[in-house]
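Here's a solo chain for you in structure tokens, the form predicted on its own.
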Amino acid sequence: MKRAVLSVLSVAGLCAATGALAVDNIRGLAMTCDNCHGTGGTSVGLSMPSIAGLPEAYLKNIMMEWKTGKRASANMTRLIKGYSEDEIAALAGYYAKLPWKPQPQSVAADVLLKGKDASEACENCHGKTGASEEDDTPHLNGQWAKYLELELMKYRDPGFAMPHRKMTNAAKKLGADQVQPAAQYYGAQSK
């Protein structure tokens, strides 16, 4: 009996230590994220978001939505399922502490004007330029326009699992011809 208790305690201790080591080695975990999201979480891919400098609460929430299946993503759901809640929290904290680096994109003046008008539906949460100060609202300023457009299309698609109702309602207020200009407007913002 004494051996059985010691064995159980040893296994429990090993599991706890393994989880603690993984969280202590957050940079090692982050390297997996950096493969897609760019070195230090700053993306160079047009359809891949930058994650460095996004609010910690937002990052943790969205990763937990993927882990539980509340939010759809073929790649992220598969990847994040292997992470513990402690690892998810550590990754969210790690990336939130890094600086947000907008990736300014040039946009024709007429598209910029159309996008500014279209983005009025987004201002309550994301602000006029997309540089939100809210803990649960991601930055849009300088985020890749193509990524923003793809996300808006997901929110507009009733068959796609996107749990944020306020965002779904706002995206549906945009006309189909306003999605791309709104995304390009925010992508062109550097502040």
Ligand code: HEC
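The structure displayed is predicted, hence computed values, not measured ones. Residues carry their position along the shown sequence, with the first being 1.
Same protein, other form: the form predicted in complex with this ligand, not shown, and the subject of what follows.
Can we say Thr32, Pro49 and Thr137 each have a non-hydrogen atom within 4.5 Å of this ligand in the predicted complex?
The answer is yes; Thr32, Pro49 and Thr137 each reach this ligand.
Can you tell me if His37 lies within 4.5 angstroms of this ligand in the predicted complex, counting non-hydrogen atoms only?
Result yes; His37 sits at the interface with this ligand in the predicted complex.
With heavy atoms only and a cut-off of 4.5 Å, decide whether Lys116 touches this ligand in the predicted complex.
No, Lys116 sits far enough from this ligand in the predicted complex that none of its heavy atoms falls within 4.5 Å.
Flag Lys128 as yes or no: does it have a non-hydrogen atom within 4.5 angstroms of any non-hydrogen atom of this ligand in the predicted complex?
Result no; Lys128 lies far from this ligand in the predicted complex.
Looking at the partner-bound form in the predicted complex, is Met76 within 4.5 Å of this ligand by any heavy atom?
Because a heavy atom of Met76 falls inside 4.5 Å of this ligand in the predicted complex, the answer is yes.
With this ligand left out of view, which of Ala121, Leu98, Val111, Ala89 would have a heavy atom within 4.5 Å of it in the predicted complex?
Contact with this ligand in the predicted complex is made by Ala121 alone.
Sequence order please: the residues of 142 to 169 with a heavy atom within 4.5 Å of this ligand in the predicted complex.
Gln143, Tyr147, Leu148, Glu151, Leu152, Lys154, Tyr155, His164, Lys166, Met167, in sequence order.
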